[in-house]
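Just one chain is shown here, as structure tokens, and it is the form predicted alone.
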């Protein structure tokens, strides 16, 4: 049955106006453009598809689901450390932690019970606070179902990538909407196939990882990643 309350929560949490700090991260869009590998909507669509299929579905979603099932903060922290260990790029690790901590900070201010509890652990350990893990924590605080939390996670990635491309002047707003529609269909297909509970997180996005890793070497940049 259609759940109006959850649908409204999805609209709120998936809105780009939700103050989670996502505007600071391009997740490789800026670097790929600087290296001449992304210049139009077709290029953006391919990058979004790579992100979704080769990283989000096989890594972030796996971590989110593990953290969602975690019985206590010790178990959540174990998933967080797994996220740290399975992210080879130092810049991607740092970006994931910064994005996760920003989202966690919002939910601490919103008095999310799990968020407030986990914030103490994150403050004590610089390796903790990865985005996918925090998305599970905040999704539970928001009263979402696991399906809804996964949807928000995937959708905010898509909108963040498209928004970065617009802000960099690579595409216009109409092109952005066309990319969102195409990515929305891919996300729906990925969500229809649930991973095994014991699946291990993995990713293979070498061009994106290299573009992000080259960020600190660039004289001028707009985004953290």
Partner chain sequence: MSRLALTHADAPMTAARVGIGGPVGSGKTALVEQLIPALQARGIDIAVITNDLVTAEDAERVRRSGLIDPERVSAVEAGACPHTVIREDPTLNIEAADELERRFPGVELILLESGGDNLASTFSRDLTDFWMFVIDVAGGDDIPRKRGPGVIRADLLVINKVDLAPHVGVDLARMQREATEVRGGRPVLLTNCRRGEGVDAIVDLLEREVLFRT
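Numbering follows the first chain given and starts at 1. Keep in mind the model is a prediction, meaning the values are calculated, not measured.
Below, we refer to the form predicted together with the partner chain, which is not included among the displayed structures.
Q: So which of 81, 109, 113, 121 reaches within 4.5 angstroms of the partner chain in the model of the complex, heavy atom to heavy atom?
A: Selected residue: 109.
Q: Using heavy atoms and a 4.5 Å cut-off, decide whether 52, 154 and 210 all contact the partner chain in the model of the complex.
A: The answer is no; none of 52, 154 and 210 reaches the partner chain.
Q: Are any of the heavy atoms in residue 22 no more than 4.5 Å from a heavy atom of the partner chain in the model of the complex?
A: Contact check for residue 22: yes, within 4.5 Å of the partner chain in the model of the complex.
Q: I'd like to check something about residue 167: if you look in the model of the complex, is any of its heavy atoms closer than or equal to 4.5 Å to a heavy atom of the partner chain?
A: Contact with the partner chain, yes.
Q: Report yes if any heavy atom of residue 98 sits within 4.5 Å of a heavy atom of the partner chain in the model of the complex; otherwise report no.
A: Residue 98 belongs to the contact set for the partner chain.
Q: Is there a heavy atom of residue 7 no more than 4.5 Å from a heavy atom of the partner chain in the model of the complex?
A: Close contact is absent here: in the model of the complex, residue 7 is far from the partner chain, nothing within 4.5 Å, heavy atoms only.
Q: Pick from 101-109, 71-79, 84-92, 134-142: which stretch has a heavy atom within 4.5 Å of the partner chain in the model of the complex?
A: Partner-contacting stretch among the options: 101-109.
Q: Going by heavy atoms, what in 197-225 lies within 4.5 angstroms of the partner chain in the model of the complex?
A: Going through 197-225 in order - heavy atoms within 4.5 Å of the partner chain in the model of the complex - the hits are 219, 220, 221, 222, 223, 224.
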